[in-house]
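There is one chain below, alone, in structure tokens, taken in the form predicted on its own.
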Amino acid sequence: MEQKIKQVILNAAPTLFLGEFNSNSIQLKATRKDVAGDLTLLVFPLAKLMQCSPVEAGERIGLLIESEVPEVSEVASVNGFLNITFSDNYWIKQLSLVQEDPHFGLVPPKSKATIMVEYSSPNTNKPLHLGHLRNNFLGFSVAEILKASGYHVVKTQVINDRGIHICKSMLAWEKFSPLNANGERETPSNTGWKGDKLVGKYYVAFDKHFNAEAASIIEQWKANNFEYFPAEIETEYKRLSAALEGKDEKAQAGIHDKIKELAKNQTSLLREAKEMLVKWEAKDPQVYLLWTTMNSWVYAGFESTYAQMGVTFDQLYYESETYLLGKDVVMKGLSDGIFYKKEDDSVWIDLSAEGLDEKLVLRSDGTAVYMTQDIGTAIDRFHDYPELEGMVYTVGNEQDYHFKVLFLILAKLGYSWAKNCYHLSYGMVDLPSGKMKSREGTVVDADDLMQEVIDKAEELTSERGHLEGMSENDKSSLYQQIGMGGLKYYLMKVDPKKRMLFNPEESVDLTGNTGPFIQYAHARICSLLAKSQIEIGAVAPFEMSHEEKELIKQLAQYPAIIQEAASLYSPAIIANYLYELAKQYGHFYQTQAILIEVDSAKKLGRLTLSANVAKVLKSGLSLLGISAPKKM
């Protein structure tokens, strides 16, 4: 309708306006809720072109619209604004469009280009945690939203299954895992531990012993004992120690951190981990067997967690496979002059001309870094899917710089598709207790958190009742749907770029801007429709109230909301639209008689409207990866 009104004004432009007319001068927006009308035209810029007062301009344009647009029932020119009201028949037609389309709001599948969306991408040295939950939910939802807007979407992850961090868990398991009565070290089968959690236990163990060894080294240095350390280490420690004098507390803390880092680099544990990484890259049989064994434990654990999350992938990539391609590309780029080698044989790229700095792409010992792997993975994906138009990387905002560098390197290597790579950067998730740290074992385990919200959903739902006649299996499924719906919604209703504070109890509340509030609105409508025993068919005209028109307005926005969410890669837009729709329906439900309405046309119209609100709520929730229960 907005385009139709614009066209009417454009067609009349030669007679309405004096001088050159720009179509951008036609500014239409939704009418304020406290003002009568559906669409408002800003008259001020047009009045200048008409060389008359805003009131006169509004009246003249209003008469034009009324005569040319039959769907308009009334116009009102007020203080430079033209408020346009649409007829009941127009809103009946809008409701019919929603009713007639079972996939209302969705663009035909695969009618647009192919896009790959990466999310999760965990390390195989620890279980998934709260941060991974936001990552997975965001990435999966963005993929679903892009699919709904017509794109052919490939969901993927790259599993970070190699590197020094993986070797730390492997080494710690070898060194610190106790032997049982059968002489076996700890495994998932002989301990009952979930595989990813057992491996994560040894990542924490490595860090504990690593820090203890570094602290012991610092004590030796304090005692002026440098017998087993290179002369340059002694010189650097003494320089840093001397620099402490006269500094304030903040500066001293920074220097102490540098001393700790100096000591950590001298530990035998770190040296052994580095040696293990070199052996792994050389395919040492013993190291490789240990690596495949421990990774298999982790993959089994991840599979269980993903099933609980309700996320899936179409294609998996492994860093252990893609880093070799990355190394080959780096070596070719070195010969082509894109990269350069330093005296220690490490390979770098200089991006200072682009306002960045130098970036390491290959260590002096020939081992790969994250950047090497990411270069190889990106190229490998375009080999596998040559029709790809772009890639979306769902990764926390602490990696903003990394992706700027990656996309620049890919462009310098001559890959034209690099311009279509996008970093879906999101803020970290904090808890009331503070920031999480994997190495210190203070992360909030994803499995534990999901179970916590499911248990909380069971507690709150049981207190409310309304579960009569449900089997125990159905109840368990409902608790799962409410708990996970609450968790997902809470983590996605905030704009992805924003850092957020997560409160598990708030997430499953049935009131306020929560997933369960929207789920309950859907369940309420399902109950209403079941009680009515009326089959919803074609929309018949009925006398509409203001509340009904407002609901239809919101329903009509759904296709545009999906497109906006897709263009901005923001599930928050869908989430908050659904909340407003559910809230508006709640107002309608409280103010309008439905089942007890004596006017059959009104009754059927309100039931039809209710059914279509439920349809859009269910559709929108599915784009967030959330189930819509029929009973709560």
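Each form is matched to the other, and the largest set of C-alpha atoms that superpose within 1.5 Å is called the rigid core. Note that the coordinates shown come from a computational prediction; the quantities given were computed from them, not determined experimentally. Just count from 1 along the sequence shown to find any residue number.
Only in words, not in the display: the form predicted together with the RNA, which the text now covers.
Just one of K498, H103, K222, K247 comes within 4.5 Å of the RNA in the predicted complex, counting any heavy atom, and that one is K498.
Residue in contact with the RNA in the predicted complex (any heavy atom within 4.5 Å), chosen from V142, A378, I482, I166: I482.
Heavy atoms within 4.5 Å of the RNA in the predicted complex are found in one stretch of 93-101, 413-421, 298-306, 361-369, which is 361-369. Of the heavy atoms in I5, none are within 4.5 Å of the RNA in the predicted complex. Of the heavy atoms in F403, none are within 4.5 Å of the RNA in the predicted complex. Taking the partner from elsewhere, S507 is found to have every heavy atom lying beyond 4.5 Å of the RNA in the predicted complex. Using a 4.5 angstroms threshold between heavy atoms, R60 stays clear of the RNA in the predicted complex. If you check the RNA in the predicted complex, you find no heavy atom from any of K332, E452 and S622 within 4.5 Å. Residues in 118-146 all lack a heavy atom within 4.5 Å of the RNA in the predicted complex. Taking the rigid core as fixed, one finds a CA shift for T292 smaller than 2 Å between this form and the one not shown. Taking 2 Å as the criterion, E261 counts as shifted between this form and the one not shown: its C-alpha moves by at least this amount when the rigid core is aligned.
A movement of the C-alpha atom of E354 reaching 2 angstroms or beyond is seen between this form and the one not shown when the two forms are aligned on their rigid core.
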